[in-house]
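Okay, here we've got a single chain as structure tokens, the form predicted alone, with questions on binding and movement later.
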């Protein structure tokens, strides 16, 4: 498709597409003439991802470039490629590693991962932003005096393992690793709020079932 058609199908203005091309967020099209290039479905998919990152996730352009570099890095194995792309996404504030609550939360996470048998997560430990993102809210709970136990967290973790399995069943239906990585990143921005909202709706339904209206 021509640039104008790519703009029409994506809902992104031609000026913005040209900006993404200059910033190397969007791969160049196939050159047809000296002044004309052709674009395909991969460009349309990449534009959707860029829009999700910038417009919904409010991710800075420099960080988007870092995320997309990981998405496109064919030298990485599948797990590392997905991990690098997701690790590059912005995260909330991290807990002070020297604070007693953070250390207690870290110990709690270690015990939880051991109980679950999640050895890869334990090996990565604090190197993983996902691990640190779990420690931080647990540290805040403990700091404010709210008790948290492994037994309390286990059912949630096991449900999340089921969700993760569903996620990867869907990813494996995609044709290549680049599209899998793109989809995983877009899901982190667009679908995680859906999971939270579904939990809230389910809680409303469960309350009505147990207690009436």
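Numbering follows the first chain given and starts at 1. Predicted, not measured: the structure shown is a model, and the values here were computed from it. Rigid core: the largest C-alpha set superposing within 1.5 Å between the two forms.
Only in words, not in the display: the form predicted together with another copy of the chain, which the text now covers.
Contact annotation for residue 160: at least one heavy atom lies within 4.5 Å of another copy of the chain in the predicted complex. Another copy of the chain in the predicted complex comes within 4.5 Å of no heavy atom belonging to residue 104. Within 4.5 Å of any heavy atom of another copy of the chain in the predicted complex lies no heavy atom of residue 38.
Proximity of residue 42 to another copy of the chain in the predicted complex: non-hydrogen atoms within 4.5 Å are absent; the residue sits far from the partner. With the partner omitted from this view, the residue of 61, 69, 150, 187 that lies near another copy of the chain in the predicted complex is 187 [heavy atom within 4.5 Å]. Annotation for 43 to 60: interface residues with another copy of the chain in the predicted complex are 48, 49, 51, 52, 55, 56, 58 [heavy atom within 4.5 Å].
With the core superposed, residue 185 shows a C-alpha displacement below 2 Å between this form and the one not shown. In the predicted complex, the Cα positions of residue 164 and residue 57 lie at least 3 Å nearer to each other than in the form displayed. Relative to this form, in the predicted complex the C-alpha atoms of residue 170 and residue 42 separate from one another by 3 angstroms or more.
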